[in-house]
Ligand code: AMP
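A lone chain, given as structure tokens: the form predicted on its own.
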Amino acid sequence: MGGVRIDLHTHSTVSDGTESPSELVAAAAEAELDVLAITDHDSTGGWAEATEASRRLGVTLVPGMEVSCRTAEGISVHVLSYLHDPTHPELLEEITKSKDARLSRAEHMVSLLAEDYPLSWDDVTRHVAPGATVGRPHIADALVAAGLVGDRTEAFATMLSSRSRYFVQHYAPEPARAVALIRAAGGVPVFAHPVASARGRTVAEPVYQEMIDAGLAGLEVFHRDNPEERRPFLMGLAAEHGLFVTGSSDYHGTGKPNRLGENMTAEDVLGEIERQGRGAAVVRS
């Protein structure tokens, strides 16, 4: 990797991380990262603060976002978008629709949980940063604070699992549509943790092909949730279709055990992302 330390998948309090955008950049500097991407769920709300911190602390910043998607069969898919135009009308409309649905979904899940546990909407919202959309991680934090589970991991394995009676689906675009919208906004779409089977069902090859046909640029191969035995499949698919591969931490602060820089991306891949991106620019100090 030529000595350049690049982590292209992290979250701040704008979505479900536990550090503000500036704190996230400071943590990256402390971890001796050279390049950091901020990729909050369905939001670019942290870009401005992260940009200021990156210039001050000398960490190169890749503005990004993680778009929540769902297949027609109900399988959750996440697509990372790098260097897109945050004001692009169609993409903005789609993620706004998704965020609104996530809020309604969270309210419904809390009401179901409240039937059996001492949990209120106020208990949840006190864990949400201003401007962030309430999601399952915030409900998990409220469950932890109430002493109902030990940590987020336990919450997601039990009460907040997709198999739980408290689970509620929400609207999200199909993956190929998200890829096409990201490209239309000048962004570079990458399939996040595509074979993370511990998170739930993963997609079959036809979905990959639909995403590739729509303009998919890369696959996030080196991620702790991608089983080692499935990575050769991803590498083969990337080679066959001319996709680049990335490695990232998916860091959430104290919200997950993932550590900054535990997986990283090659410098030439960052160069390719920058070459393809037309909606926003990499921020260099």
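Bear in mind the structure is a predicted one, so any value in this text is a computation, not a measurement. From 1 onward, residues are counted along the sequence shown.
Heads up, the form predicted together with the ligand isn't pictured, but that's what we're talking about next.
Taken together, Asp7, Arg224 and Gly247 are entirely out of contact with the ligand in the predicted bound form: none brings a heavy atom within 4.5 Å.
Just one of His88, Lys99, Arg177, Arg105 comes within 4.5 Å of the ligand in the predicted bound form, counting any heavy atom, and that one is Arg105. The closest heavy atom approach of Arg152 to the ligand in the predicted bound form falls within 4.5 Å. In the predicted bound form, the ligand sits within 4.5 Å of a heavy atom of Arg136. Proximity of Gly45 to the ligand in the predicted bound form falls outside the 4.5 Å heavy atom cutoff. Contact annotation: His252 falls within 4.5 Å of the ligand in the predicted bound form, judged by heavy atom distances. Segments offered: 182 to 190, 128 to 136, 88 to 96, 210 to 218. Contacting the ligand in the predicted bound form at heavy atom distances within 4.5 Å is 128 to 136. Contacts to the ligand in the predicted bound form (heavy atom within 4.5 Å) from stretch 178 to 205: Arg199 only.
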